[in-house]
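Only one chain comes next, encoded as structure tokens, the form predicted on its own.
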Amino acid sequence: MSRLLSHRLAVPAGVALLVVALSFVLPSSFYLRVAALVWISALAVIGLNLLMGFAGQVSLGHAGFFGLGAYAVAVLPAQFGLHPLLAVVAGAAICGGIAFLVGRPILKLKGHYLAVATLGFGILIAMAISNEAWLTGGPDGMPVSRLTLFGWRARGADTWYWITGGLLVVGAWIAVNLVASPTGRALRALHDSEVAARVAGIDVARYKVKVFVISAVYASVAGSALALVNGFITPETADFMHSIELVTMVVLGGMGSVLGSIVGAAILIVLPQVLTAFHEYEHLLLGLMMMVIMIVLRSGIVPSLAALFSRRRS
């Protein structure tokens, strides 16, 4: 029991320590902004990892929820005068509701069929955002109202660094506790074998929808955070390539690892910034490094390194 409790506290405490420590070493607002983008992506990836890594369900359309959350804080304040914070909550509720409605029929599918169905859902959301120009600004995007609270206005890279870092700590804490709960044990059971889980009395369909809704809420909050940080939003946040990017972050960092989600997000956000020094070879080097990582660390970076250290200690 004490080991379980320490694990529940160690992961969010480690993430909080990372956020605080980096604030002392990052030299400028540019690096703080890049770190904030890492925290935002990591938040979305943690949610997707709950769905893919722990429950074993594929989603190639998760950027759709990310985009809906982003446009919620753009459209609701502009069209209905809603406060941006309430728009974040409303966006999460809308994404959770949509995930609940589409999750049950979609999650009956398996393997490639499930992947294609979620891909279609993501494309549908992206097309709706692009085509409904009267509401979303169309392909040109739209501005996002700045977050103000009791006269205080959130602006500057350092402010958003701490806000997004706080969101990531809370997201990691919720995920770790969820994984350690009976729900988490049920998710791992259906990941290993849906038939065995059903025989053991687990309501497989209910738990699939449950984790799909939770992962959609994570993506929505992350999307809202990105929109508020940038002050502007475009349909690219919901497109297919962004969905693939989120899945790649999950696999690179490690399936079924909360810390792996952060590592995967950091690699795909930070590496392109570093590789800009190589100009024409940027994408070539990025692809090559990803291939090497997956060949050498097949289970993802964090689980593979954890297994390596465990073997050496034993």
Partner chain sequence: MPELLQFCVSGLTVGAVYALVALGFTIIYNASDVVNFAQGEFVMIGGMATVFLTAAGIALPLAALLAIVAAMAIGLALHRFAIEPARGASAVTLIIITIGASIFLRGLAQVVFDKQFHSLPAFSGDEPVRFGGAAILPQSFWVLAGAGVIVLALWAFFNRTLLGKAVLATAANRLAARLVGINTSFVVGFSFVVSAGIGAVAGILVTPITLTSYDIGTLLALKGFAAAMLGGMGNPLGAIVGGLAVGLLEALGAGYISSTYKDAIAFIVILGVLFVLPGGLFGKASVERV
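Note that this is a predicted model, so its numbers are computed, not measured. Numbering follows the first chain given and starts at 1.
We do not show the form predicted together with its partner chain, though everything after this point is about it.
Q: Work out which of the listed stretches, 259 to 267, 28 to 36, 65 to 73, 241 to 249, brings a heavy atom within 4.5 angstroms of its partner chain in the predicted bound form.
A: One stretch meets the cut-off, namely 241 to 249.
Q: Is every one of Leu119, Met127 and Asn131 in contact with its partner chain in the predicted bound form, taking contact as a heavy atom within 4.5 Å?
A: Checked in the predicted bound form: all three residues contact its partner chain.
Q: Is there a heavy atom of Met291 lying 4.5 Å or less from a heavy atom of its partner chain in the predicted bound form?
A: Taking the distances in the predicted bound form, the answer for Met291 is yes, it comes within 4.5 Å of its partner chain.
Q: May I ask you to check whether Leu149 falls inside a 4.5 Å heavy atom distance of its partner chain in the predicted bound form?
A: Taking the distances in the predicted bound form, the answer for Leu149 is no, it never comes within 4.5 Å of its partner chain.
Q: Just to confirm, Ala21 within 4.5 Å of its partner chain in the predicted bound form by heavy atoms?
A: No, Ala21 stays farther than 4.5 Å from its partner chain in the predicted bound form.
Q: Find out whether any non-hydrogen atom of Pro105 is located within 4.5 angstroms of its partner chain in the predicted bound form, and reply yes or no.
A: Yes.
Q: Among Leu109, Ala157, Val204, Leu86, which has any heavy atom within 4.5 Å of its partner chain in the predicted bound form?
A: The residue in contact is Leu109.
Q: Just one of Val176, Leu82, Ile123, Val169 has a heavy atom within 4.5 angstroms of its partner chain in the predicted bound form, so which one?
A: Answer to the contact question: Ile123.
Q: Taking heavy atoms and a 4.5 Å limit, what residues of 180 to 219 are near its partner chain in the predicted bound form?
A: Just Val195.
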